[in-house]
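To begin, one chain is listed below as structure tokens, in the form predicted alone.
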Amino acid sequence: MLRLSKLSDYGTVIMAHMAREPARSVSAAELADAVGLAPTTVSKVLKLLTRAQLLGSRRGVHGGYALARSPEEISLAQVIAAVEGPIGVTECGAAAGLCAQEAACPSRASWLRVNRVVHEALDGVSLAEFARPAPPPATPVNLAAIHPGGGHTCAP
């Protein structure tokens, strides 16, 4: 199973929260309260996102953190890479030279293709899209209520 680290998940939660009010500057403590995470965890993630220039920070009374660009200009891939490092399903997909088997691996080219597809998919989702509320789940249709007797309605 492919799975992001908890810090990457927290990074997306924090960034999505900030994307809902992109012009607003917020403190680490305010963010921690808003997203329900420990202040130390939020501070750690904020430092990573700031280092990657996805957030800007200001000290002082009116300080805090704010998005460095509009949510439409930040991709989910950028957020994940800021926390995780290069995105890769396998070690050799994240960066060359990490695997001793790389030169003779018969699967490397295929994994590189998979890595590229995953990265492109994440890069194709903007923070603005990611931050939108999910649509409500579809309500199941009770066909027996619509057509008593359970028969189908198509003519023979």
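Every value quoted in this text rests on a predicted model; they were computed, and no experiment measured them. Heads up: residue numbers just count along the shown sequence, starting at 1.
Just so it is clear, the following notes concern the form predicted together with the DNA, a form of the same protein that is not shown.
> Name the residue from Ala28, Ala34, Val118, Leu112 that puts a heavy atom within 4.5 Å of the DNA in the predicted bound form.
Checked against the cut-off, the match is Ala28.
> Does any part of Ala38 reach within 4.5 Å of the DNA in the predicted bound form? Heavy atoms only, please.
Heavy-atom contact with the DNA at 4.5 Å: present for Ala38.
> In the predicted bound form, is there a heavy atom of the DNA that lies within 4.5 Å of any heavy atom of Gly60, even though the partner is absent here?
Gly60: yes, in contact with the DNA in the predicted bound form.
> Given that the partner is absent here, does Thr50 sit within 4.5 Å of the DNA in the predicted bound form, heavy atoms only?
It does: once the DNA is placed as it appears in the predicted bound form, Thr50 has a heavy atom within 4.5 Å of it.
> Since only the chain is shown here, I'm wondering whether Gly88 would be in contact with the DNA in the predicted bound form (any heavy atom pair within 4.5 Å).
Residue-level check for Gly88: no, no contact with the DNA.
> May I ask you to list the residues of 4-22 that have any heavy atom within 4.5 angstroms of the DNA in the predicted bound form, in sequence order?
Going through 4-22 in order - heavy atoms within 4.5 Å of the DNA in the predicted bound form - the hits are Ser5, Lys6, Leu7, Tyr10.
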